[in-house]
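Given next are two forms of a protein chain, the same chain in both, each as structure tokens and marked structure 1 or structure 2.
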Structure 1
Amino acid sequence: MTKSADLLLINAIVLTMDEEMHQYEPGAVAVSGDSVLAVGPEAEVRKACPAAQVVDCGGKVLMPGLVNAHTHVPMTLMRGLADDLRLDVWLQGYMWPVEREFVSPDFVRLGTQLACAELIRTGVTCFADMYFFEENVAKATAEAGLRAVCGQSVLKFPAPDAVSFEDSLAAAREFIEHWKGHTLITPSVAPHAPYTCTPEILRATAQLAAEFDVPLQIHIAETALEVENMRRENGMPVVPYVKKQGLFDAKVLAAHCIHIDEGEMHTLLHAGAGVAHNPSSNLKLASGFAPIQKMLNLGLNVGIGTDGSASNNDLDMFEEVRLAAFVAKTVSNDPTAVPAATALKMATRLGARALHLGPVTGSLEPGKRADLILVDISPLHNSPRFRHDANNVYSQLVYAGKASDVVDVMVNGKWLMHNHELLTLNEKELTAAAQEYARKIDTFLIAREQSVFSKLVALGGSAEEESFEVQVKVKLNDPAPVLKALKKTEIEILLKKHYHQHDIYFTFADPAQGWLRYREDEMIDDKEQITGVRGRLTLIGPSREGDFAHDVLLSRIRYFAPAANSLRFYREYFKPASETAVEKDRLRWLVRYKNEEFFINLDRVETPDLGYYLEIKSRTWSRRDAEEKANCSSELILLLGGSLENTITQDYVEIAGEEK
């Protein structure tokens, strides 16, 4: 019985990527409407399916289009923005500030179009995306003609497209209602990660996805730190935790899964969850080696993804497939692990299944949508061709094939690229518009990089206001008289604290930047026990704002905030020219003297070993007030037994610098 087709693709090396990995050479594929009608040896298909149009594939490989199982397409606009940084510096120092400033529906639309152009060029016919303003990702993708699972992101923090997670959730519901049933777009909800979502968000997103029977996307166990924190805070690794929140009520696509154990793999398997493996991103961010050989052995549907271009820095699935095979071999100390055919299966059939689109795409089989590509395996860099083994052709594609060897791309029965020419997107316009965004972002970053202060502000978080400080400091030989003098009635003690302070001062090539001080305060109680540690970040102005009698100084604190990140973070983010360590023991009193409040610091500077100092400090907001407080400070010094003959105008960091 013959069935008439719309299009017959003949004279191809057909790789079906079906369960039995059938190959036909010369093979043919018959397409009817949006679907594959028949696949097989050329002569058979020609006989069974006469078609109006016959295309000679010239001996190219005809195979299912690649499935990019995890990406953030709008981030293509941030390709190469910042690299070779640790995850926290990269995210908090660059990605988030730029996203806060620039991400908009227009940004998302353009980024998606740019990405779609690259995806089509590199043989991808289907991808899974998570980002903000996902409505615009879906629209641009559908217009470009690609198939995608589009996930509206939900986080516990304010996002570029929502001030609260309730807003994100409402947007996700609306998004899913709008796109549900679309030929190309499968809407989805994407709680970003367990550590950026509350348990309520995880539960609510799972219920939403289950209600509409759409996939749920999430980042799982991307770093060892995430797992460590999860164990400490919740007493279990990541997968059991999300299971407890009911996440697997939904069809889950879990990205990364680098640091999961065999028990967690079983949980994912039983939940029918798909996994997206992202070798380039995992390597570039030093996240680790995902145990994909084990996952595959268990029968998990492990797809391959590029992750976003900001961390990869491209959407080239040919590289990802090769890397998936390469890395699996060395990590399992076995060059036979993840052979070429398996790697290619991950990028096609298994990827489609991971996206919960198994029945729709991922292999060339009658009834599935016609999502296919033609790849030239005859260029110089892929010559010669061996044929003694059925695996030779997979080897060619995986180990020597390049994305630029993709010649034609069809999705849903429609050509998107023909003979290297994009049919649905205008590359020239897109790259020009992208360059305009890059120019603006460069301007923003260059302005920010010009001062330590603006880099600090860019980090976000709550900083205290600018303030001026009146201070006077004297060297002491013996602290005992001070302790005794503090009992005088003129001085009312309001508070007493004892700290051990570890300071690191960053200095910069340009002295006008001042000093950035990272301080760890160990708080010490009456029994000399450490009761707590806090980190503080202070940007100290470079120059004195004023000088009063007896070397009483007016200095400016430009920025003062809790240090939310580690010393290492600030070191990598600010790249100081040099560092100086100062360590001291501080007794600190808040006192009232002549109706004004003052801080009295009795310091023993241990690193470098400088001995005892007495310091009087007071915050002020006006120059006249400063004048008055300067006088009182001098009086206090004398009252506490210090001498105004040997006042010190330098900060400890300056004295320490001279000692070096």
Structure 2
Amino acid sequence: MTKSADLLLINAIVLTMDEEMHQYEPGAVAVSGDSVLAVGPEAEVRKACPAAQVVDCGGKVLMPGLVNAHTHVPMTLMRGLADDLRLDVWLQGYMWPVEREFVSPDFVRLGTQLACAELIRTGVTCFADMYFFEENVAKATAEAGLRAVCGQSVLKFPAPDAVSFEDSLAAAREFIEHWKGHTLITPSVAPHAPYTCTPEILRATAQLAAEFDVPLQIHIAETALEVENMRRENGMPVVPYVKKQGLFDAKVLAAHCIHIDEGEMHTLLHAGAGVAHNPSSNLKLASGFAPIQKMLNLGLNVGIGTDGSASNNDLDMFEEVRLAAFVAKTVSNDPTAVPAATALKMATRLGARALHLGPVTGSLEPGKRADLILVDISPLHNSPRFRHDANNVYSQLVYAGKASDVVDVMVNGKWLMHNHELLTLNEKELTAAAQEYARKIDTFLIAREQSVFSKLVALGGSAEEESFEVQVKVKLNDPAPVLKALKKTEIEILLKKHYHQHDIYFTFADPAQGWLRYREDEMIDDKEQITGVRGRLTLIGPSREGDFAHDVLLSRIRYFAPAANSLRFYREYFKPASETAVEKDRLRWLVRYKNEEFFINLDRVETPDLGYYLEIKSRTWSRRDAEEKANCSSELILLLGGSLENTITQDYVEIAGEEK
């Protein structure tokens, strides 16, 4: 019985990548509409499926298109933006600030188009994306003709497309409702990672994905620090934690999974989750080596992804497949680990299954969509060809093949590239538009790099304290008189605190930048026990208004921001010229004196060993108020037993510098 086809591809080395890894040479594939009608030996397929259009493949490899299991396609516009950095520095110090400044629907559309052109040229027919303004990613991808699982990102922080995570969730729902059932686009929701999402977000996104039966994408256990923090804060590894939040009620695609143990692998397997392995990104960011061979041995569906162009820095899946094989061999010290055929399977059939698109794409089988590529294995770099082992062709593709060997690309029965010519996108226009964005981002970063303040603001969460800071301190030989004087009726104590403070002051080559102080406050209770720790950054500028009577400092710019990252992060991010450590024990009182509020600090400076200091502080937005408080500060110094003869307006970092 014959079945008419629309297109017959003949004279090819057909690699089906199906369960039995069938090969046919010479082989043929018949296409009807958007799907594969028949696959097999050329003579049989030609007889069974006559077609009006016949294409001679010239002995090239005809195989399923590659599946990029994890990427962020609009980030092509940030390719090469910041390299050779740790993940936290790269992400929080550069990617997120640039995204806050530039990511828009136009940015996302252009970045996606640029990525689609690159993906097509490198033989990718399907990819998984998670980013912002995902509606625009989906539109641009569908217009380019590629297949994709598009994930609307959700984070606990404000995002370029949402001021709150509730807005992101609402956008994800609307996005899924709009694109559900599309022939090329599978909508999904993408909670970024456990450390950037609250338990509420994880539960809500899982429920949303389950409600619409769509995939859920998330980064899992990408760094050792993430796992360490999860264990410390929640008493369990990452996978059990997200399971506890009900994440596996959804069809999960977990990116990275570098630092997981065998028990967590079993959890992923039983949940039917897919894993996206990203060797280039993991190597470049020194995130570690995912235990891929163990995952495969257990039966997990492990695909291969490029990650975004900002961390890779390309979307070349041929390179990723090769690296996936090489890294697995090196880590296991076993040259037989992840052989070429397995690596290619990860980039096709297993990748499609990881995306929960196994019934649709990933192999050349009747009924599946006609997503296929033609690869020339005759160039110089891939010659000669051996035929004694059926696996040799996989080795040629994985170990010697290059993305430039991809000649033709078809998705859903439609040609997207023919004889190296893109048919749905204009590369010249896209690269010109991309360069214009690069110019704007360069201008932003150059200006930011020149200002410590701008870099602090770029981290987010920063704010300026009141413009006028009344501050004066005096050296003490004995703190006892101060403690006694605080009981005087003229002073009303509103609040008392006890801290142990660890300060690192960053100094910069340009003195006008001021000092950046990284502080860890240990809160001490009445039993001398630490009850909590708080981190904060403070940018201390030079005096703006000079001093007032008795050397009371009237004005000094101060900006502060929460310090959510490690000291090492801030060293790499701000690149100080030098550092000074100051450690002190501080008793602090908030008092009311003459209807004005002041902070009274009694400090024992331990590092360097400077002894005791009495400090009076107050802040205001009003210069007149500052002058009045300056007079009161002088009175308080005398009332507390200090002397105005040797008042000090310097910060401890300045005093420490003089002591050296």
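For numbering, take structure 1's sequence and count from 1. Bear in mind the structure is a predicted one, so any value in this text is a computation, not a measurement. Whichever C-alpha set is largest while still superposing within 1.5 Å between the two forms counts as the rigid core.
Peer 1: Pick the form predicted alone out of these two and give me its number.
Peer 2: Only structure 2 matches the form predicted alone.
Peer 1: Asp389: CA shift of at least 2 Å between structure 1 and structure 2 after core fit?
Peer 2: The answer is no; the displacement is under 2 Å.
Peer 1: For Asp167, decide whether the Cα shift between structure 1 and structure 2 is 2 Å or greater, given a superposition on the rigid core.
Peer 2: Not so; Asp167 is displaced by less than 2 Å.
Peer 1: When the two forms are laid on each other by their rigid core, does Ala434 show a Cα shift of 2 Å or more between structure 1 and structure 2?
Peer 2: No, its C-alpha moves less than 2 Å.
Peer 1: Let me know the CA shift of Lys575 between structure 1 and structure 2 in Å, rounded to one decimal, core fitted.
Peer 2: A shift of 3.0 Å at the C-alpha.
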